[in-house]
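Encoded as C-alpha coordinates, the following chain is the form predicted on its own, with no partner shown.
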(Lines give C-alpha, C1' and ligand atoms only; values in the text may rest on other atoms or scores of the structure.)
Protein backbone atom coordinates (compact mmCIF):
# COMPACT_ATOMS: atom_id res chain seq x y z
CA UNK A 1 0.00 0.00 0.00
CA UNK A 2 1.44 3.40 -0.98
CA UNK A 3 1.52 6.16 1.62
CA UNK A 4 1.54 9.91 1.29
CA UNK A 5 4.48 11.69 2.86
CA UNK A 6 2.25 13.61 5.23
CA UNK A 7 -1.26 12.86 6.45
CA UNK A 8 -3.32 15.04 8.74
CA UNK A 9 -6.34 13.77 10.66
CA UNK A 10 -8.89 16.45 11.35
CA UNK A 11 -10.20 16.65 14.93
CA UNK A 12 -13.39 14.70 15.47
CA UNK A 13 -16.58 16.71 15.41
CA UNK A 14 -17.75 17.92 18.78
CA UNK A 15 -20.68 15.51 18.94
CA UNK A 16 -22.26 14.86 22.33
CA UNK A 17 -24.96 12.39 23.33
CA UNK A 18 -28.54 13.67 23.12
CA UNK A 19 -30.88 13.57 26.14
CA UNK A 20 -31.10 10.01 27.49
CA UNK A 21 -34.75 9.44 26.53
CA UNK A 22 -34.01 10.43 22.94
CA UNK A 23 -30.89 8.23 22.87
CA UNK A 24 -32.69 5.17 24.26
CA UNK A 25 -35.63 5.64 21.87
CA UNK A 26 -33.38 5.79 18.80
CA UNK A 27 -33.46 3.09 16.12
CA UNK A 28 -29.67 3.43 15.93
CA UNK A 29 -29.28 2.69 19.65
CA UNK A 30 -31.69 -0.23 19.37
CA UNK A 31 -29.74 -1.74 16.46
CA UNK A 32 -26.41 -1.24 18.25
CA UNK A 33 -27.70 -2.93 21.39
CA UNK A 34 -28.99 -5.92 19.40
CA UNK A 35 -25.60 -6.29 17.73
CA UNK A 36 -23.87 -5.91 21.08
CA UNK A 37 -26.08 -8.66 22.53
CA UNK A 38 -24.84 -10.99 19.80
CA UNK A 39 -21.24 -9.94 20.54
CA UNK A 40 -21.63 -10.88 24.19
CA UNK A 41 -23.31 -14.19 23.46
CA UNK A 42 -20.74 -15.12 20.82
CA UNK A 43 -17.80 -14.11 23.04
CA UNK A 44 -19.07 -16.28 25.87
CA UNK A 45 -19.73 -19.23 23.54
CA UNK A 46 -16.29 -18.97 21.96
CA UNK A 47 -14.35 -18.64 25.22
CA UNK A 48 -16.24 -21.41 26.99
CA UNK A 49 -15.71 -23.58 23.94
CA UNK A 50 -11.96 -23.02 24.33
CA UNK A 51 -12.04 -24.10 27.97
CA UNK A 52 -12.26 -20.70 29.68
CA UNK A 53 -14.32 -20.25 32.86
CA UNK A 54 -16.29 -17.04 33.38
CA UNK A 55 -15.80 -15.34 36.73
CA UNK A 56 -17.51 -12.24 38.09
CA UNK A 57 -15.02 -9.39 38.51
CA UNK A 58 -14.82 -7.08 41.53
CA UNK A 59 -16.12 -3.54 41.21
CA UNK A 60 -14.04 -1.93 44.00
CA UNK A 61 -10.78 -2.79 45.72
CA UNK A 62 -7.86 -1.31 47.70
CA UNK A 63 -6.02 -0.63 44.40
CA UNK A 64 -6.71 -0.87 40.70
CA UNK A 65 -4.69 -0.98 37.51
CA UNK A 66 -2.27 1.97 37.58
CA UNK A 67 -1.43 1.75 33.90
CA UNK A 68 -4.42 3.50 32.31
CA UNK A 69 -2.78 6.32 30.39
CA UNK A 70 -3.89 9.84 31.18
CA UNK A 71 -6.93 8.89 33.26
CA UNK A 72 -7.57 9.32 36.97
CA UNK A 73 -8.81 6.65 39.33
CA UNK A 74 -12.15 7.08 41.06
CA UNK A 75 -12.26 6.72 44.86
CA UNK A 76 -15.07 5.52 47.12
CA UNK A 77 -15.37 5.47 50.90
CA UNK A 78 -15.36 1.84 52.02
CA UNK A 79 -16.05 1.79 55.77
CA UNK A 80 -13.66 4.65 56.33
CA UNK A 81 -11.02 3.36 53.89
CA UNK A 82 -10.27 4.82 50.47
CA UNK A 83 -11.02 2.15 47.88
CA UNK A 84 -10.77 2.35 44.11
CA UNK A 85 -13.42 1.68 41.50
CA UNK A 86 -11.89 -0.78 39.04
CA UNK A 87 -10.33 0.83 35.99
CA UNK A 88 -9.24 -2.67 34.96
CA UNK A 89 -9.43 -6.06 36.68
CA UNK A 90 -5.95 -7.15 35.62
CA UNK A 91 -4.54 -7.61 39.14
CA UNK A 92 -7.52 -9.76 40.10
CA UNK A 93 -7.20 -11.80 36.91
CA UNK A 94 -3.68 -12.76 37.89
CA UNK A 95 -4.80 -13.70 41.40
CA UNK A 96 -7.71 -15.74 40.02
CA UNK A 97 -5.28 -18.06 38.25
CA UNK A 98 -5.02 -19.79 41.63
CA UNK A 99 -8.58 -20.99 40.94
CA UNK A 100 -8.70 -21.58 37.18
CA UNK A 101 -6.00 -21.84 34.54
CA UNK A 102 -8.10 -20.15 31.86
CA UNK A 103 -10.63 -17.50 32.83
CA UNK A 104 -12.50 -14.48 31.55
CA UNK A 105 -14.59 -11.59 32.83
CA UNK A 106 -17.15 -9.34 31.21
CA UNK A 107 -15.85 -6.47 33.30
CA UNK A 108 -17.21 -2.97 33.98
CA UNK A 109 -14.50 -0.30 34.16
CA UNK A 110 -14.53 3.32 35.31
CA UNK A 111 -11.82 5.78 34.31
CA UNK A 112 -11.96 9.54 34.75
CA UNK A 113 -10.51 10.19 31.31
CA UNK A 114 -9.00 13.61 30.52
CA UNK A 115 -11.68 16.06 29.42
CA UNK A 116 -9.99 16.53 26.04
CA UNK A 117 -10.75 12.89 25.16
CA UNK A 118 -14.45 13.77 24.88
CA UNK A 119 -13.87 14.56 21.20
CA UNK A 120 -11.88 11.45 20.25
CA UNK A 121 -15.18 9.57 19.75
CA UNK A 122 -13.51 6.48 21.28
CA UNK A 123 -13.43 7.21 25.02
CA UNK A 124 -16.00 6.74 27.74
CA UNK A 125 -15.62 7.19 31.47
CA UNK A 126 -17.65 4.02 32.07
CA UNK A 127 -17.23 1.06 29.73
CA UNK A 128 -16.84 -2.73 29.59
CA UNK A 129 -14.13 -5.16 28.60
CA UNK A 130 -13.96 -8.81 27.65
CA UNK A 131 -11.04 -9.71 29.93
CA UNK A 132 -9.10 -12.93 29.31
CA UNK A 133 -6.20 -14.59 31.19
CA UNK A 134 -4.25 -17.78 30.43
CA UNK A 135 -2.01 -19.49 33.01
CA UNK A 136 1.39 -20.42 31.57
CA UNK A 137 0.37 -18.67 28.38
CA UNK A 138 2.65 -16.74 26.05
CA UNK A 139 2.06 -13.57 24.12
CA UNK A 140 1.50 -15.69 21.02
CA UNK A 141 -1.19 -17.64 22.89
CA UNK A 142 -3.00 -14.47 23.93
CA UNK A 143 -2.73 -12.93 20.46
CA UNK A 144 -4.10 -16.14 18.95
CA UNK A 145 -7.11 -16.15 21.27
CA UNK A 146 -7.77 -12.46 20.56
CA UNK A 147 -7.64 -13.01 16.80
CA UNK A 148 -9.89 -16.07 16.88
CA UNK A 149 -12.31 -14.37 19.28
CA UNK A 150 -12.67 -11.28 17.10
CA UNK A 151 -13.12 -13.36 13.94
CA UNK A 152 -15.72 -15.60 15.62
CA UNK A 153 -17.70 -12.68 17.01
CA UNK A 154 -17.77 -10.77 13.72
CA UNK A 155 -18.83 -13.82 11.72
CA UNK A 156 -21.57 -14.66 14.24
CA UNK A 157 -23.00 -11.15 14.41
CA UNK A 158 -23.15 -10.77 10.64
CA UNK A 159 -25.07 -14.03 10.40
CA UNK A 160 -27.33 -13.53 13.44
CA UNK A 161 -28.66 -10.01 12.85
CA UNK A 162 -28.04 -8.97 9.23
CA UNK A 163 -31.08 -6.70 9.32
CA UNK A 164 -29.46 -4.54 12.02
CA UNK A 165 -26.35 -4.03 9.89
CA UNK A 166 -28.61 -3.10 7.00
CA UNK A 167 -30.48 -0.57 9.14
CA UNK A 168 -27.14 1.02 10.12
CA UNK A 169 -25.97 0.90 6.48
CA UNK A 170 -22.88 -1.07 7.52
CA UNK A 171 -21.70 -3.04 4.51
CA UNK A 172 -20.68 -6.63 5.44
CA UNK A 173 -17.93 -6.36 2.82
CA UNK A 174 -16.12 -4.09 5.30
CA UNK A 175 -15.19 -7.28 7.16
CA UNK A 176 -14.12 -9.36 4.17
CA UNK A 177 -10.38 -8.97 4.82
CA UNK A 178 -10.83 -9.61 8.54
CA UNK A 179 -12.55 -12.92 7.85
CA UNK A 180 -10.26 -14.03 5.04
CA UNK A 181 -6.89 -14.52 6.70
CA UNK A 182 -4.40 -13.83 9.49
CA UNK A 183 -3.99 -10.37 10.99
CA UNK A 184 -0.88 -8.29 10.36
CA UNK A 185 1.87 -7.64 12.93
CA UNK A 186 4.05 -4.54 13.41
CA UNK A 187 6.61 -4.00 16.12
CA UNK A 188 6.38 -0.70 17.99
CA UNK A 189 9.58 0.40 16.21
CA UNK A 190 8.06 -0.40 12.82
CA UNK A 191 4.87 1.45 13.74
CA UNK A 192 6.89 4.51 14.79
CA UNK A 193 8.86 4.42 11.51
CA UNK A 194 5.64 4.17 9.51
CA UNK A 195 4.14 7.12 11.37
CA UNK A 196 7.25 9.21 10.72
CA UNK A 197 6.90 8.46 6.99
CA UNK A 198 3.30 9.66 7.27
CA UNK A 199 4.44 12.92 8.88
CA UNK A 200 3.31 12.08 12.41
CA UNK A 201 5.87 12.98 15.15
CA UNK A 202 5.57 9.82 17.28
CA UNK A 203 8.09 9.36 20.11
CA UNK A 204 9.95 6.01 19.95
CA UNK A 205 9.94 5.85 23.76
CA UNK A 206 6.21 6.24 24.39
CA UNK A 207 2.89 4.64 23.66
CA UNK A 208 1.46 5.51 20.28
CA UNK A 209 -0.68 8.62 20.62
CA UNK A 210 -4.42 8.42 19.88
CA UNK A 211 -4.00 10.35 16.64
CA UNK A 212 -1.14 8.05 15.63
CA UNK A 213 -3.25 4.96 16.26
CA UNK A 214 -6.04 6.36 14.12
CA UNK A 215 -3.60 7.29 11.37
CA UNK A 216 -2.03 3.81 11.31
CA UNK A 217 -5.48 2.27 11.41
CA UNK A 218 -6.59 4.22 8.34
CA UNK A 219 -3.73 2.74 6.31
CA UNK A 220 -4.84 -0.88 6.87
CA UNK A 221 -7.54 -3.06 5.38
CA UNK A 222 -7.61 -5.65 8.18
CA UNK A 223 -6.92 -5.73 11.95
CA UNK A 224 -3.25 -5.74 12.95
CA UNK A 225 -1.14 -6.16 16.06
CA UNK A 226 1.45 -3.73 17.39
CA UNK A 227 3.96 -5.47 19.69
CA UNK A 228 7.00 -4.76 21.87
CA UNK A 229 6.19 -1.42 23.44
CA UNK A 230 9.09 0.28 25.25
CA UNK A 231 9.56 -0.31 28.96
CA UNK A 232 8.08 2.56 30.93
CA UNK A 233 5.16 3.02 28.55
CA UNK A 234 2.98 0.42 30.29
CA UNK A 235 2.27 -0.91 33.79
CA UNK A 236 4.57 -2.90 36.07
CA UNK A 237 2.75 -6.16 35.26
CA UNK A 238 3.83 -6.28 31.59
CA UNK A 239 6.78 -8.66 31.44
CA UNK A 240 10.06 -7.36 30.07
CA UNK A 241 11.72 -9.34 27.29
CA UNK A 242 14.70 -11.45 28.38
CA UNK A 243 16.25 -11.27 24.91
CA UNK A 244 15.57 -7.60 24.20
CA UNK A 245 15.90 -5.58 27.43
CA UNK A 246 13.83 -2.43 27.47
CA UNK A 247 11.06 -4.01 25.41
CA UNK A 248 7.86 -5.43 26.85
CA UNK A 249 6.21 -8.70 25.85
CA UNK A 250 2.94 -6.97 25.10
CA UNK A 251 0.63 -6.07 22.22
CA UNK A 252 -2.29 -4.01 21.03
CA UNK A 253 -4.78 -5.08 18.37
CA UNK A 254 -5.97 -2.24 16.15
CA UNK A 255 -8.98 -2.31 13.86
CA UNK A 256 -8.80 -0.86 10.33
CA UNK A 257 -10.74 2.12 8.93
CA UNK A 258 -9.46 4.48 11.64
CA UNK A 259 -11.22 2.71 14.53
CA UNK A 260 -7.92 2.10 16.34
CA UNK A 261 -7.24 -0.01 19.41
CA UNK A 262 -9.68 -2.81 20.25
CA UNK A 263 -7.44 -4.96 22.47
CA UNK A 264 -4.50 -4.45 24.79
CA UNK A 265 -2.61 -7.38 26.31
CA UNK A 266 0.70 -8.83 27.41
CA UNK A 267 2.63 -11.58 29.08
CA UNK A 268 2.48 -10.85 32.84
CA UNK A 269 5.31 -10.49 35.26
CA UNK A 270 4.88 -13.03 38.06
CA UNK A 271 8.17 -12.89 39.97
CA UNK A 272 7.62 -11.14 43.31
CA UNK A 273 10.99 -9.36 43.51
CA UNK A 274 10.79 -8.21 39.90
CA UNK A 275 7.28 -6.85 40.41
CA UNK A 276 8.39 -4.82 43.42
CA UNK A 277 11.33 -3.44 41.43
CA UNK A 278 9.09 -2.57 38.49
CA UNK A 279 6.61 -0.87 40.82
CA UNK A 280 9.35 1.37 42.17
CA UNK A 281 10.64 2.10 38.68
CA UNK A 282 7.20 3.30 37.63
CA UNK A 283 6.74 5.44 40.75
CA UNK A 284 4.28 3.14 42.48
CA UNK A 285 4.42 2.50 46.24
CA UNK A 286 4.51 -1.29 46.81
CA UNK A 287 2.82 -0.81 50.22
CA UNK A 288 -0.40 0.16 48.38
CA UNK A 289 -0.45 -3.27 46.72
CA UNK A 290 -0.07 -5.39 49.84
CA UNK A 291 -2.85 -7.88 49.07
CA UNK A 292 -1.63 -8.31 45.50
CA UNK A 293 2.00 -8.78 46.52
CA UNK A 294 0.96 -11.26 49.23
CA UNK A 295 -0.77 -13.31 46.52
CA UNK A 296 2.19 -13.06 44.15
CA UNK A 297 4.58 -14.09 46.92
CA UNK A 298 2.60 -17.31 47.33
CA UNK A 299 3.36 -18.19 43.73
CA UNK A 300 1.03 -17.32 40.87
CA UNK A 301 1.86 -18.90 37.50
CA UNK A 302 3.20 -16.88 34.64
CA UNK A 303 0.40 -15.87 32.35
CA UNK A 304 -0.69 -13.85 29.37
CA UNK A 305 -3.96 -12.09 28.76
CA UNK A 306 -5.80 -9.15 27.30
CA UNK A 307 -8.78 -6.86 27.54
CA UNK A 308 -11.03 -6.32 24.52
CA UNK A 309 -13.13 -3.17 24.67
CA UNK A 310 -16.77 -4.12 24.23
CA UNK A 311 -17.99 -0.69 23.18
CA UNK A 312 -15.06 -0.15 20.82
CA UNK A 313 -15.68 -3.54 19.25
CA UNK A 314 -19.39 -2.76 18.86
CA UNK A 315 -18.60 0.61 17.32
CA UNK A 316 -16.28 -1.08 14.79
CA UNK A 317 -18.98 -3.59 13.92
CA UNK A 318 -21.72 -0.97 13.56
CA UNK A 319 -19.58 1.59 11.75
CA UNK A 320 -20.98 4.37 13.92
CA UNK A 321 -19.21 7.68 14.43
CA UNK A 322 -18.72 7.59 18.20
CA UNK A 323 -18.37 5.03 20.95
CA UNK A 324 -21.11 6.66 23.02
CA UNK A 325 -23.60 5.59 20.34
CA UNK A 326 -23.11 1.93 21.31
CA UNK A 327 -23.51 2.43 25.06
CA UNK A 328 -27.04 2.60 26.48
CA UNK A 329 -26.09 5.07 29.24
CA UNK A 330 -23.04 6.88 27.87
CA UNK A 331 -20.66 8.76 30.17
CA UNK A 332 -18.57 11.01 27.93
CA UNK A 333 -15.47 12.39 29.69
CA UNK A 334 -16.14 15.73 31.34
CA UNK A 335 -19.89 15.63 30.67
CA UNK A 336 -22.51 15.16 33.36
CA UNK A 337 -24.76 12.22 32.48
CA UNK A 338 -27.49 10.12 34.10
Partner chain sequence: MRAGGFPEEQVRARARTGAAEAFPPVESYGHEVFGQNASGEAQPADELDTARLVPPVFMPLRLEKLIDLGREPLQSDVDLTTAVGGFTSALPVFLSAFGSTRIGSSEVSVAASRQAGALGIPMVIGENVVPVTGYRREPDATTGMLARVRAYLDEAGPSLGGVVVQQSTEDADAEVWNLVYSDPAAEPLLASGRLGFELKVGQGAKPGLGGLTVLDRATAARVSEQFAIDDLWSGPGVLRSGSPGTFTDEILRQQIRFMRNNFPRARIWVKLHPGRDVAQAAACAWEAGADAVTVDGAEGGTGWAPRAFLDHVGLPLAECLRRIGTPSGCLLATGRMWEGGRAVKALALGATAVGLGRAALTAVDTDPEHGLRKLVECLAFEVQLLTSALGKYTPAALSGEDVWFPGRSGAADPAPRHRESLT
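Treat the numbers as computed from the prediction; the structure is a model and nothing was measured. Numbering follows the first chain given and starts at 1.
The following text describes the form predicted together with the partner chain, which does not appear among the structures shown.
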Using heavy atoms and a 4.5 Å limit, would one call residue 298 a contact residue for the partner chain in the model of the complex? no
Should residue 281 be classed as touching the partner chain in the model of the complex when contacts are defined as heavy atoms within 4.5 Å? yes
Whether residue 220 contacts the partner chain in the model of the complex should be assessed with a 4.5 Å heavy atom distance threshold; does it? no
Taking heavy atoms and a 4.5 Å cut-off, does residue 73 contact the partner chain in the model of the complex? yes
Full three-residue contact with the partner chain in the model of the complex, heavy atom 4.5 Å, for 81, 84 and 231: yes
Given a 4.5 Å cut-off on heavy atoms, tell me which of 190-198, 138-146, 115-123, 159-167 is the interface stretch with the partner chain in the model of the complex. 115-123
Please identify the residue among 44, 302, 30, 288 with any heavy atom within 4.5 Å of the partner chain in the model of the complex. 288
State the residue from 261, 131, 207, 238 whose non-hydrogen atoms include one within 4.5 Å of the partner chain in the model of the complex. 207
